[in-house]
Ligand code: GRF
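Encoded as structure tokens, the following chain is the form predicted alone, with no partner shown.
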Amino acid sequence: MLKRLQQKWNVNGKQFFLILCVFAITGTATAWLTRVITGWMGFTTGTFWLWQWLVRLGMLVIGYQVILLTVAFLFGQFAFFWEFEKRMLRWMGIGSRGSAISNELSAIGNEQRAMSDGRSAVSSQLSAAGSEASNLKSQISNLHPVHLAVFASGTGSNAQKIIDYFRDHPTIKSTLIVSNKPEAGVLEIARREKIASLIINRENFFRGDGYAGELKALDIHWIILAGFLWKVPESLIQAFPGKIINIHPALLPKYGGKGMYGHFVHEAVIAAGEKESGITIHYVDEQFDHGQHIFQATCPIAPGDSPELLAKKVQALEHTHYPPVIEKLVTNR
């Protein structure tokens, strides 16, 4: 695909590489600038969706094009990209119509698909810039953010960290807090953060569809368990295949299973004389703490450590690692 694209553009290998660099850096810069602008404007998860949509659309339609030509000039590729921009303008109806629009649309579509195929090649050359690069297609997807539902049964310290981490994220939003306890502290977090909440009951959760219908109606894409004590029913797992994850305060497969949560886990680890503990982030299946592991981090256990002290060490790992791991999963990075 890349070879055919190089031939189509009629450029040598060096110029082709520079063109890929321009696309990659432009995507990264546009995404970063969009986040800065929405943060400066005070946008939050509670901001009316239309205003967020308009800002991002403006960055896509205008900002992206300006940044593209600026970066192209710096890389000595202005002439090539000016022709590219003129084709884009004709595609949008500014210029000749008719069959030319159809031809340009096809050409641009092929080029964008090739850019997607070539992104991994660019990233190996551009390090961090390339790894975060996104093309025009990914900018369009920013208009439709991924919605997270955070399930918690307690105070919600992990839920708060997740909300904070994704507060100004361009593509991921903490949309819903779900709890099985009406008195849970996490519901106060939802009220303070102006995030919708849902209190679930055991009968509907285990004998119904696991509230899958309500979650789908709210356009939830991922379910994040953050101290949620109920076992997830099969109906909900089937409704969100591969999109439910949990964090456990120990190094699974040890110290997992029914009844192993909170201080019970830390007491068992201390009693067994373990030298280290940690966290496990894993996909959720039909068994307690059993799904495929995604990530683990460890902390040492010093002689004389109490379960309470160990709990603080483990919680620090949770707060540090859980949000970025979620981000990597959701964005497929």
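The first residue of the sequence shown is number 1, and the count goes up from there. Treat the numbers as computed from the prediction; the structure is a model and nothing was measured.
Keep in mind that the form predicted in complex with the ligand is not shown, yet the notes after this line are about it.
Participant: Does the ligand come within 4.5 Å of any heavy atom of residue 155 in the predicted bound form?
Facilitator: Within the cut-off, so yes.
Participant: Hey, in the predicted bound form, does residue 246 get a heavy atom within 4.5 angstroms of the ligand?
Facilitator: Close contact exists here: in the predicted bound form, residue 246 approaches the ligand to within 4.5 Å, heavy atoms only.
Participant: Contact between residue 223 and the ligand in the predicted bound form at 4.5 Å, heavy atoms?
Facilitator: It does not: once the ligand is placed as it appears in the predicted bound form, residue 223 has no heavy atom within 4.5 Å of it.
Participant: Under a 4.5 Å heavy atom criterion, is residue 315 part of the interface with the ligand in the predicted bound form?
Facilitator: It does: once the ligand is placed as it appears in the predicted bound form, residue 315 has a heavy atom within 4.5 Å of it.
Participant: The chain here is shown without the ligand. Which stretch in 175-183, 71-79, 196-204, 224-232 comes within 4.5 angstroms of it in the predicted bound form, by heavy atom distance?
Facilitator: That would be 224-232.
Participant: Pull the contact list for 63-85: residues with a heavy atom within 4.5 Å of the ligand in the predicted bound form, in sequence order.
Facilitator: The stretch 63-85, when checked against the ligand in the predicted bound form, contributes no residue at the 4.5 Å heavy-atom cut-off.
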